[in-house]
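A single chain comes next, written as structure tokens; it is the form predicted on its own.
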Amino acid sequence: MVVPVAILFFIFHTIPFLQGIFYSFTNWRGYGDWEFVGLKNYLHMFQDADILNSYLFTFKFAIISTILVNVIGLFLAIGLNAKIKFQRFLKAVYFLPYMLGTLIIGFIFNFIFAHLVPEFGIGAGIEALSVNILGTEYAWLGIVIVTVWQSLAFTTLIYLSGLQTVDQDIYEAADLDGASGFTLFRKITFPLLAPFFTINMVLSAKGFLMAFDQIVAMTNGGPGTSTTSISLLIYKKGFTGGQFAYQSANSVVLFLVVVIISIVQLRILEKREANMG
């Protein structure tokens, strides 16, 4: 059962990945002749303002989105895990955004921000809402809002699964000791959810560092290049800008950045789990 999947993975993922690494040491434009240029592409990246600005935006977007999606998702999970009415219905409602395609959601919110929100803002006399936020310097905020809204479903689900593994006897014992409210959360709930927190933090950061679909659908990197993520820059310049080899080098660097950040996160958070234990 595994062999066909492994073969397809090797053909459509591993081979193109290795080809990208190979071409990153050339000057190939995606067509025509090419020659080896060594580390020239990699060295030039550190002098490229477009790449540096894209990395700055990507890091800002990833950090803010990761924090928001985990904080909100954790408290949503705690609320949904409580004994409330319509619990199953609310769980289904919160998971719905994750079932929709990111591009579809991006186009829908593009329409909402461009038409419905300004119309509401004008009618209510709220100046801040009377313009399309995606056409202003705060366009990144619109992308963050949509990204967090969609990502909350998966994050909340992971935290919910963690909460349901907690033995209720622990809470009963803590209640007898007088623990309640934030103390109960800080001393009991969060330490027991530490492994699930680690999973969510690593997966969220990795996903947001490679953000592409929602940005293409909502701003296409604009206004100007203010919301151009590194993945979008690689796509635009690599496939339509005649910089295939150069952006292949950029993609290799992005891969290494994501791997390094993920490993560092795992080490720090696993050490924190051990200290909690």
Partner chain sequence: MALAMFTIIGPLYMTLMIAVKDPSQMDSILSWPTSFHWSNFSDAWKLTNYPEKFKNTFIITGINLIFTIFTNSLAAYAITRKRSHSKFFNALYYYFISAMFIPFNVIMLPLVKQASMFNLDNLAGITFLYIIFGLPMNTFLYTGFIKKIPVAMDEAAEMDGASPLQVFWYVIFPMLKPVHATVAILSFMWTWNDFLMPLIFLSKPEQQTLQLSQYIFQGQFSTQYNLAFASYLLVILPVLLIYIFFQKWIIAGVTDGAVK
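All values derive from a computational prediction rather than experimental measurement. Under this definition, the rigid core comprises the largest set of C-alpha atoms superposing within 1.5 Å between the forms. Numbering follows the first chain given and starts at 1.
There is another form of the same protein, the form predicted together with its partner chain; it is not shown, and what comes next is about it.
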item	value
4.5 angstroms heavy atom contact with its partner chain in the predicted bound form for residue 97	yes
Exercise: residue 267 in contact with its partner chain in the predicted bound form, heavy atom 4.5 Å	no
4.5 Å heavy atom contact, residue 140 to its partner chain in the predicted bound form	no
Residue contact check: residue 133 to its partner chain in the predicted bound form, 4.5 Å heavy atom	no
Heavy atom within 4.5 Å of its partner chain in the predicted bound form - residue from 123, 181, 178, 101	101
Its partner chain: the contacting residue among 174, 166, 129, 108 in the predicted bound form [heavy atom, 4.5 Å]	108
Non-hydrogen atom within 4.5 angstroms of its partner chain in the predicted bound form for each of 42, 52 and 188	no
Stretch 1 to 29: residues contacting its partner chain in the predicted bound form, 4.5 Å heavy atom cut-off	1, 2, 3, 5, 6, 8, 9, 10, 11, 12, 13, 14, 15, 16, 17, 19, 20, 28
Rigid-core frame, C-alpha of residue 264, shift of 2 angstroms or more between this form and the one not shown	no
